[in-house]
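Provided below as structure tokens are two forms of one protein chain, presented individually as structure 1 and structure 2.
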Structure 1
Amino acid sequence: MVELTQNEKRLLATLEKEQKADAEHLASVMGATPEAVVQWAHLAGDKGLAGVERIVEKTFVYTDEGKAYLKNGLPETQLLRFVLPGTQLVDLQKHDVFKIGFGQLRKKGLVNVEGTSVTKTPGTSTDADEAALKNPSASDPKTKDLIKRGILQESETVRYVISATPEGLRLAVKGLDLREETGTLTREQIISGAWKTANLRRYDVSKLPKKAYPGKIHPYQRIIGEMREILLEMGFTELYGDIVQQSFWNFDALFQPQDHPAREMQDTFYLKETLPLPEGYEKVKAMHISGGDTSSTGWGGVWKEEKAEQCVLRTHTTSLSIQYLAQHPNPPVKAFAVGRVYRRETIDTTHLAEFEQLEGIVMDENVTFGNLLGILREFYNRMGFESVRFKPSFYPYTEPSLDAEVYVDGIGWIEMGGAGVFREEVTAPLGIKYPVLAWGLGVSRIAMLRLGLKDLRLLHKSDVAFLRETPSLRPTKGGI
């Protein structure tokens, strides 16, 4: 059964007697304002119990000027009374209403002016104009003219006629509980026991009266958090570090040749700041030039200290991993980082100049390329991706290298990230004697898939409505 407020009930009870009435009338009967009655009628109307008819009526009201003319006649009428045979223009000019009245007389052709004398036009009068002034009508062009002259004003009055529907009448006849209703229970009512007899208002629970918005974590942060947790569960130590890195740690220590295209201004954000090279940098230099003590040939050519000292916004979190390895050269090392990285890309819906990268490293006495595949399979499985496959790839600082792909229903195989064994050219100068497995992935790619975003920028310039609407728990299927 529909729940009615006390006021709707009172309205229906009143309508039982009145059947159909103006809101004004009902208001005076019910001791309320007409506005409130109309509002109650609309509420009852939504439930099919009452009808509300909006009637718009046009009326005309006289301006102060109009009121005076109604008493004394229009200026042209007043002036016309003085137009007698032989009347001179100068005589008329003495009258108060001359300016307005004479203009109207000329305009309407009621007088003729010859030289200085003024005569009535035979067979004319202002009778029709006076009639229009007394009984204005929306269809009369003369009324419009009077409105234009500022003598009359048009006004709209809206009135509401309210009636009960047969269903409303049936309810009213059946009898309505008209006792005083209690909305919010007061402390007094609770402790005094008044609640026992109070008529507690019943609410319609089929409709949410008002939305509440909780404070919560960003959906993207939740995805990052999920990945962090998986890696912590898998026994990895978390890294955190500086956004600004020396080229040495961002590139050179990773055996990226100094003339590599990725190092150009076009692809990397450079800063004018420099930092002094770390102790022992010469080993990295030797590796670039000649391969140091390893079986490598090195890149040959020249290696410039100034280039390595330049600061950049880190292009990958590998700059953190490599410094961690330099500080922890003894096995086992298992570490990961999730952090913002920077590429000088033109920003569009799928490319940002800054984005989150997740990266992990494992260094141990007997770890193998096969172990790397195992770690990745485990990680992606835990993220919910059941099918994972690997294919050859290329990264400047890993060898062998691979790309991992996961299968997503409805989309197919999606490239998820790259991985490989750090080249010996990378690890040897740091005094690391065992293989280092390394892998990275773009976090935003998974976020975009999961959150169904078409534009990556929305992760960082979000619509509050999107954040409010995205639930904390998003059931995932097959990783998405």
Structure 2
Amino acid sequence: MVELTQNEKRLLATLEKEQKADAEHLASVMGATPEAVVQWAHLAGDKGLAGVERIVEKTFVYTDEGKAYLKNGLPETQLLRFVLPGTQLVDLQKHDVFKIGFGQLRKKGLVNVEGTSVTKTPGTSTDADEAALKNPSASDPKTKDLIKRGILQESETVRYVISATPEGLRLAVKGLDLREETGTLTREQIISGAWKTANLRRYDVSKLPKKAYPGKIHPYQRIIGEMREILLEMGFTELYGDIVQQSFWNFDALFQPQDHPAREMQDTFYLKETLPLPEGYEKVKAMHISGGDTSSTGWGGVWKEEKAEQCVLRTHTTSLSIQYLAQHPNPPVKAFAVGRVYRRETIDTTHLAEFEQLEGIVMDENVTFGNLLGILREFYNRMGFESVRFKPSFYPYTEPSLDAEVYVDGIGWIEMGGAGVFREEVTAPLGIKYPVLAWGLGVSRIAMLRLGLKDLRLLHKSDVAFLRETPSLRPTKGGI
């Protein structure tokens, strides 16, 4: 015996009279929505009792511009009326539709222009264009041209036609129990025993339930939150700071020369605002010019205060780390920042003009380069990357420097970010006498690998399907 839900029974009983009908009509008869009727029809269709036909119909909608042309005629039709024997170009330029209309007349070869004289091409007419405007057709090339011109818009409508199969009709004729079903028992029904005589709804436990899409945090934000949690568990303090930073802290305090390519307009968003230099900036200036009181020779050349005073959209979160060190020159220091940074990048699948960066610093009496490798390995292990390796690299404000890479199945080794020990030229002007380990990692790159994305832009698009199907992330088990 075929088990049917109450709504499937109601649908078959209705189809016994209607035979075949649109979902909208059936919905009005049954007091339901068309979407619900289609769902019931599919359920009955799985049992061979109903058929569902999906019919797609194309219609054309007039834009505001199209509505005006439908009333007054196309611009070329309106302008063609004024092309009379002896008409000059200057005469046509007086009309509002000249710019659009004259271009269309020339494009379609409806007029001839000799010097300043304009004449109609013999036998020309816009009747076919006007007919396409009044009665658009998907097979008419002129209709397609009107769509390109923004006069018409193509719209698709979908309707469903539902019918009962012979087996469905046989069941309907035989008679169906249309008594109201009880889907949920109340406390009173259980206590009184009324449930014994209730018409209980039957459930098919083999059917998958309807998918539920609860509200949840964006996958990218969840990964950023996971990184924060890992570093806080490792004993770090989180730093916060402004997006707008002074060039002094963004570049100069990090021993980047004022003529460094990264400081040029093609890489940095400069603002018209300026800020006064902090107290003691002269030590940084001396470091750039001559190496100050250290064994360094500096960069030489000229160091300009006005260039250091310029404000920029921060190009890295290291600007927060160096300011924190200036305020806390004595050990121990363990701090990190996760924030958005800005660079003048060409946007593509792997580059954005704004992105997140994870920055960290450790300063203590006896920390070494080996401690830096251990911290990075621990972090990546906890993020779910089992294989981590390091290779030598170069950065203006660290020495020695390295690039961290992780291994991803099916892809290989992926570079994740840079790290190193702050150079003496960075720490000495701030009065720091102990080694400072520092790193900057790409947050979006980690997110792409964790989420299996190939386009960085998907992290910032409101793609409902992506948000729904991406599972909630759980903390990965890892660590040394």
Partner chain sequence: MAVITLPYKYLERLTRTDKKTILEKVPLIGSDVERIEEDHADVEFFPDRPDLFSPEGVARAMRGYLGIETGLPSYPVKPSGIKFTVDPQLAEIRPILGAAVIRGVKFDDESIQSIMSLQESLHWAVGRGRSKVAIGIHDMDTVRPPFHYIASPRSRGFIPLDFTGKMTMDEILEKHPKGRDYAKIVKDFPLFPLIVDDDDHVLSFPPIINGERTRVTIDTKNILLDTTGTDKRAVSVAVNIICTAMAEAGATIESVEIGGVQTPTLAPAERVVSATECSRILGVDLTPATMSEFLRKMRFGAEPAGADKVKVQVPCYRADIMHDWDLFEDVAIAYGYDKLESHPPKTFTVGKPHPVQASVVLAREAFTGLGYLEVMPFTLTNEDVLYKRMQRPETKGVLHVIHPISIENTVVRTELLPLLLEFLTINRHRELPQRLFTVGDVVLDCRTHQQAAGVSTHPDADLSEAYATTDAVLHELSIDYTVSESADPAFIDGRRGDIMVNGIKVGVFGEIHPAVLLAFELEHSVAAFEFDLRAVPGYPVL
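Rigid core: the largest C-alpha set superposing within 1.5 Å between the two forms. Since this is a predicted model, take the numbers as computed values, not measurements. One-based numbering along structure 1's sequence throughout.
Student: Which structure would you label as the form predicted on its own, 1 or 2?
Tutor: Looking at both copies of the chain, structure 2 is the one that matches the description.
Student: When C-alpha atoms are superposed, by how many degrees is the smaller rigid part rotated relative to the larger between structure 1 and structure 2?
Tutor: The smaller domain rotates by 41 degrees relative to the larger one between structure 1 and structure 2.
Student: Just grab the Cα shift of Gly452 between structure 1 and structure 2 for me, core aligned, in angstrom.
Tutor: Spelling it out: core superposed, C-alpha of Gly452 shifted, distance 2.6 Å.
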